[in-house]
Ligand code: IDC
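Heads up, the chain below is alone and in the form predicted on its own; it's given as structure tokens.
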């Protein structure tokens, strides 16, 4: 369900559209809320189509979405007074900022140019048949997480699938690509997807520390490659802008704009991309993080209006728990100026005790949350495991369907890396023989996947 955003690509279309004033609101008298299609002109090799959305109800509509299929050999090109996303031959048009509200008894129109001789079929208006009758949602037919769930969205405080059901994703994060890219290859990702039954891969690209800033084109290519590998296996992919030091994300704002514009532009037709725009902000006030997000998210949205964006929080994404503890209240008082976003929380069970857990519990009740990084060890990613405390976090996340990603899928010497040292060079990832204690523990918990 992605987009091909072409507005008035032909002069002829622009002239016709200008004369029709398609965004005007007009009276209507239908008994049900409907979307009616008509070919207003046809020149053989193509045609101009128009939908009229009529609100026959007693209350105003505040937004609308019209989706339909076109037969093979027929496609939609330029369009107006709507936004377009596509998935194969399925086209989804949504309102612009000026024509989303339709008062009772009123109607709006949008139009597009079609090529080929076919016409729309299977039309839905806000999930209901365009003729006003209720159509049950389509049952997902695939077996992978992406095939089952499709394009994700934020529903209130929940992460929901394309059918509007709250879901929980579970998966693993790579280590820094400048150090452990050899641990995420076809063989290891086959094990992650097919043996561990993971739903999501977090692609962790450091900015400093020998990362992106040293070779922007090279690291962008690495991320692109891993996105394609995740997509081929039906996994969701979190693109992690892994900023650590300096802790102010605005230091890398220009780099982030370039990177995310390129990533979103290339992968905008995929349904499995999530954008984590600031890994662990630190030593800055929430206002600085919000300012960064408010400037960066429009860059992503210009390419990809649907992808879920994950926003880091104060004090190393601890929601302020590593500072004054007021991070949740500050976000509530001044949230990021965007929709379809979630806020991130990171924890390490051997370091982050009940105070952190209670901060997280409070956030779940008030904000859309996604745990994009956690470990069973100390905050350094090393040391002894506290599985009991980690399980308390996981139980809370399962209860509230908060998605999570564990750190990390590599053979680093620290206890937080799931594989023993030398595993990635040996190339054998299956089973538990090459897993550290934390690797065995997290593998078992990823394998008990959500029912979606």
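Numbering follows the first chain given and starts at 1. Keep in mind that this is a model prediction, so the values were computed, not measured.
This next part talks about the form predicted together with the ligand, which is not shown.
### Answer option from 336, 284, 244, 124, heavy atom within 4.5 Å of the ligand in the predicted bound form
Residue within 4.5 Å of the partner: 244.
### Query
Just one of 209, 362, 306, 269 has a heavy atom within 4.5 Å of the ligand in the predicted bound form. Which one?
The option sitting close enough to the partner is 209.
### Task
State yes or no: in the predicted bound form, is some non-hydrogen atom of residue 348 no more than 4.5 angstroms from a non-hydrogen atom of the ligand?
Within the cut-off, so yes.
### Task
May I ask you to state whether residue 118 is within 4.5 Å of the ligand in the predicted bound form, using heavy atom distances?
No - in the predicted bound form, heavy atoms of residue 118 and the ligand never come within 4.5 Å of each other.
### Query
Are any of the heavy atoms in residue 358 no more than 4.5 Å from a heavy atom of the ligand in the predicted bound form?
Looking in the predicted bound form, residue contacts with the ligand do not include residue 358, since no heavy atom lies within 4.5 Å.
### Task
Tell me, yes or no, whether residue 373 is in contact with the ligand in the predicted bound form, where a contact means a heavy atom of each within 4.5 Å.
Yes, residue 373 is a contact residue.
### Task
Given that the partner is absent here, state which listed stretch (109-117, 273-281, 94-102, 296-304) has heavy atoms within 4.5 Å of the ligand in the predicted bound form.
Partner-contacting stretch among the options: 273-281.
### Query
Along 364-391, which positions have a non-hydrogen atom within 4.5 Å of the ligand in the predicted bound form?
Heavy-atom contacts within 4.5 Å come from 373, 379, 380, 381.
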